[in-house]
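A single chain, nothing else alongside it, follows as structure tokens in the form predicted alone.
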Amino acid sequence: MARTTLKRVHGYLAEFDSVQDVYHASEHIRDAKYRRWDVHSPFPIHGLNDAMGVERSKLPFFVFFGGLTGITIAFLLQYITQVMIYPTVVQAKPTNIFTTPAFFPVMFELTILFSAFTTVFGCFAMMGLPRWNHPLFTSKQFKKFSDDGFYICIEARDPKFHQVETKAMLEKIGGKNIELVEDEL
């Protein structure tokens, strides 16, 4: 019995000849209001983020609130245990709100710990990880992207994606070897 593999469209992959071509194509795609697309190049291209209209990452905000959560938990944990539940007396001085500097080492460490965990798991969530294989790796022409190829991939998840119109737009802005990339389910 033959085994059937289900596939779904990932998007269109278009090749460009040079840095200038991919840069200007990025500006055109940005102006066309596409939101889910990416540029693949063998090296960083100066100013490409502006040409793509990439917004500032939200990760620093998540890390800030992760660190704030860590420092709050550390303070409450120490205050509740050392002041409220088990009043601690050190060198004949009771622990209270004015002895907060004694809590600083634990507050510092939990701030760093929560910030680090927020960074790692926030990156995973924002990048859609874990993922075992990216659909672009099934493309035969995409193999040279790390050597001398410049590619733009517009994903099918983009609200403006249309199989005919998106392909025509990529051809119009100079895309070559335009390929419909599919993802196995």
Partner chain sequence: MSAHSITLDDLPRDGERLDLAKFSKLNGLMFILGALGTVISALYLFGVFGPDRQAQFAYSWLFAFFFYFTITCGGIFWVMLQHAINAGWSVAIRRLFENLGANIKWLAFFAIPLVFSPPIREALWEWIAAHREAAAHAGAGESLYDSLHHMAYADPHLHLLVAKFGYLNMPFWTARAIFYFVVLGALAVFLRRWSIQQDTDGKFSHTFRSRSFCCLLLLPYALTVTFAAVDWIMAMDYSWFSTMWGVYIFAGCAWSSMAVTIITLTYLRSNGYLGKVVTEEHYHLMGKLLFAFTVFWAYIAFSQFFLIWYANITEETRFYLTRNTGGWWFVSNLLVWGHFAATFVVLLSAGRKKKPVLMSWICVWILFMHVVDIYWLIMPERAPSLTHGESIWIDGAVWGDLFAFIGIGGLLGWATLRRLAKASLYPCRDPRLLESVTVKS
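Heads up, when I say rigid core I mean the largest set of C-alphas that superpose within 1.5 Å between the two forms. Here the structure is a predicted model, which is why all the values come from computation and not from measurement. Positions refer to the first chain, counted from 1.
Unshown form predicted together with its partner chain; subsequent notes refer to it.
Residue contact with its partner chain in the predicted bound form: P101 places a heavy atom within 4.5 Å of it. In the predicted bound form, its partner chain sits within 4.5 Å of a heavy atom belonging to D50. Its partner chain in the predicted bound form is not approached by Y12, whose heavy atoms all lie more than 4.5 angstroms from it. Contact annotation for Y23: at least one heavy atom lies within 4.5 Å of its partner chain in the predicted bound form. None of R157, K58, H46, K144 but one reaches within 4.5 angstroms of its partner chain in the predicted bound form through a heavy atom, and that residue is H46. With the core held fixed, the Cα of L68 is displaced between this form and the one not shown by 2 Å or more.
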